[in-house]
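What follows is one chain in C-alpha cells, specifically the form predicted alone.
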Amino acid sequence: MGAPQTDVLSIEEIPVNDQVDLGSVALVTINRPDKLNALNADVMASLKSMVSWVEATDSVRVVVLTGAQPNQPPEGKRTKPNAFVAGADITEFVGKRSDDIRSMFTDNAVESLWNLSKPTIAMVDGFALGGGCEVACSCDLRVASDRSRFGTPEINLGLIPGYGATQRLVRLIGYGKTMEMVMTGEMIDANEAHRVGLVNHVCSPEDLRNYTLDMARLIASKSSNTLRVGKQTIRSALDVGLTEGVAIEAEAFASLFDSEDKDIGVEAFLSRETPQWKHK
C-alpha cells in the first residue's frame, strides 16, 4: 500500500541506509503554507490516514513530522513566516457549539499520532502554536530551529487547549511553566523551550533537516521490536506510579530475552560486529 498523499499532506520515504535495506524514515509534511500550516478537517483526516498507513507498513521505521516552508510571495508582498503548525484553523470554530466540537476533539489525529507504536519526531521550524504545539507534544521527540516559537494562545479566544496540552505539557515542562503558558497565552522561543524540556535539541534552520534525519536514521537502525517495547514501557511512566512502573519495566525487559533480536544483539556485541536485526 502506497503512502497516502493528499493536497494537504505529503510523505517522503527516506532510506535509513543507502547501502543496506533497513527500511525508511517517513518524512511527513503538513502542506498549507499560505495558512501557516494550520490544522483543518482535511489535515486532521490526512494525519489519521498517515498514522494508519505507518502502523501497517513494516518498512517504515520512524516518522518525522514537519510543516511546509513558505511559498514565494507575489511581487510586492512579504513572505509569510515559517511555521510548523500555527494552530487550528479558527474559521472552523465559527458558530460551533459543544456538541459540534466534542466528537472532533475526542477522536482526533493528535491522539492517533500519540498512540502510534513507532518512534515519532517533530521537526519544528517556526511557529508551533495552539494545536501546533500540541501536535509537537504528541510526538516522542522534538527538534527545533532557533527561530521557532512555541505557545498555547487559546486563552485569547476564550478557550483552553483541546488536543492534550494541559496534560502533556505538565509532564514535559512541569506544573508551573504549563500554568504560565496556558494562562498568559505568551510564546516562548526555542532556547527557552529547550531549557524547560519542551524541546530536545535546537539548531540552525540550515542544519535542522540533516540533524533531525540523522537522529531518525540512528533510531531507525535499531530493532523495531525493541523500540516498540521501549516506547510502551516509557509511556507507562505517564500513567502509573513508580512501583508499578518498575514492575512493568522488569517484565518488559525479561520478555525481550525470548526475542531473536536479543540473541542477535548480544552475539554481535561479543563479536564486535554490527547487529543484523531480525525485527528491523
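Quick note: we count residues from 1 along the sequence shown, nothing fancier. Given the structure is predicted, the values throughout are model-derived calculations rather than measurements.
Only in words, not in the display: the form predicted in complex with a small molecule, which the text now covers.
### Task
Could you spot which one of Lys80, Arg209, Lys118, His201 gets a heavy atom to within 4.5 Å of the small molecule in the model of the complex?
The residue from Lys80, Arg209, Lys118, His201 that makes the contact is Lys80.
### Query
Can you pick the one in Glu244, Glu251, Asp239, Asp34 that has a heavy atom within 4.5 Å of the small molecule in the model of the complex?
Selected option: Asp34.
### Options 171-179, 69-77, 86-94, 191-199; stretch whose heavy atom lies within 4.5 Å of the small molecule in the model of the complex
Result for this chain: 86-94.
### Query
Is the gap between Gly164 and the small molecule in the model of the complex 4.5 Å or less for some heavy atom pair?
Close contact is absent here: in the model of the complex, Gly164 is far from the small molecule, nothing within 4.5 Å, heavy atoms only.
### Task
Evaluate Val43 for contact with the small molecule in the model of the complex, applying a 4.5 angstroms cut-off between non-hydrogen atoms, and reply yes or no.
Taking the distances in the model of the complex, the answer for Val43 is no, it never comes within 4.5 Å of the small molecule.
### Task
Decide whether Val64 counts as a contact residue for the small molecule in the model of the complex under a heavy atom distance cut-off of 4.5 Å.
The answer is no: Val64 has no heavy atom within 4.5 Å of the small molecule.
### Partner proximity in the model of the complex: Val28 to the small molecule, non-hydrogen atom cutoff 4.5 Å
Result no; Val28 lies far from the small molecule in the model of the complex.
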